[in-house]
Ligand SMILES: Nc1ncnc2c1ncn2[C@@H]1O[C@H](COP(=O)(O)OP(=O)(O)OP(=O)(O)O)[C@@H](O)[C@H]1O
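Okay, so here's just one chain, in structure tokens, the form predicted alone.
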Amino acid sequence: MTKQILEVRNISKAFPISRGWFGFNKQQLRAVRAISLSVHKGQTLGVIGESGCGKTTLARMLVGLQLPDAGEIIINDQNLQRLDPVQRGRAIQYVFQDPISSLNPRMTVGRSLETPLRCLHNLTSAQRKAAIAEIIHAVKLPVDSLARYPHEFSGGQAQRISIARALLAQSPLIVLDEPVSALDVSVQAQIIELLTEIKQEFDLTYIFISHDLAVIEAFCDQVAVMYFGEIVEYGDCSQVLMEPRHPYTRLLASSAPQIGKSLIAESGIGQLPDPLDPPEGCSFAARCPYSTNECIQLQTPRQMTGNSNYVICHHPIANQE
């Protein structure tokens, strides 16, 4: 087993919401609920779930853009909340879903790429120029890209620039938040191939956020399935997706469009519970074909399904069939 590079210990996040006339009705929207996970050096951990399940909130907490209300995030044996911005930037980097909006439209690509080198590593001008030339080559962009502005690039090219910026921070851990969801299918394949190549070249570890099962299955070693702010199933990627134990994981797999497959919705398709009025027991009970009174009334237990695989469910699928 390789060294553990990231450990997340029971982190949670809620946002205050004002409702009603004049905003007097104050409520808490619980976006992430007591999540724990670990990532080892060289792994790619996929985080998957439908829109609104808390994936991006989790990602933003992992890189320090939002602070958890409770729990700890440990990177290389250091508590993320106790690191200053420079230390945090060296420890973990973030690649955004929309690369164009993450780049300053008034700065050339060259100036944007200098920022992590200047702020995190205090390199000289000559050193910055050499480092940028190396990374531009690694992400397969022409050198003349450095003199151009973000709006002059396609989505795939802009994503390569965002990846280059993350690499220049020299962080061993990168969070990729839906990095290919806004791209054409052919461009998605190119970016996935690029991420695979640079992972080996620069000895990187990834956390890959996505709602696309096919991308997760092709790219990730481990997978964490998120539903309503919590991880409901975790383990080896191929095992979890081929033999899902949680009804929600199977629902995700069966809902993915496939050639020759009917698009008629299966039982269980529905809406997420109201985050301002969460259910007492299992949050998936209202959509689950196996739910019982136990699911509705009691806190859901964690059941181990392998060496490190687990499912949070009263009635895992293997027990029903």
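In this text, residue numbers run from 1 along the sequence as written. Quick caveat: nothing in here was measured; it's all calculated off a predicted structure.
The same protein has a further form, the form predicted in complex with the named molecule, not shown here; the description that follows concerns it.
Contact check at 4.5 Å (heavy atoms) against the named molecule in the model of the complex: all three of Ile17, Gly52 and Lys55 pass.
Although the partner is absent here, Gln97 is a contact residue: one of its heavy atoms lies within 4.5 angstroms of the named molecule in the model of the complex. A residue is said to contact a partner when one of its heavy atoms sits within 4.5 Å of a partner heavy atom; Glu114 fails this definition for the named molecule in the model of the complex, lying far away.
The shortest heavy atom separation between Glu178 and the named molecule in the model of the complex is within 4.5 Å. Proximity of Cys288 to the named molecule in the model of the complex falls outside the 4.5 Å heavy atom cutoff. Scanning Leu65, Leu29, Ile296, Ala253 against the named molecule in the model of the complex with a 4.5 Å heavy atom cut-off leaves one residue, Leu29.
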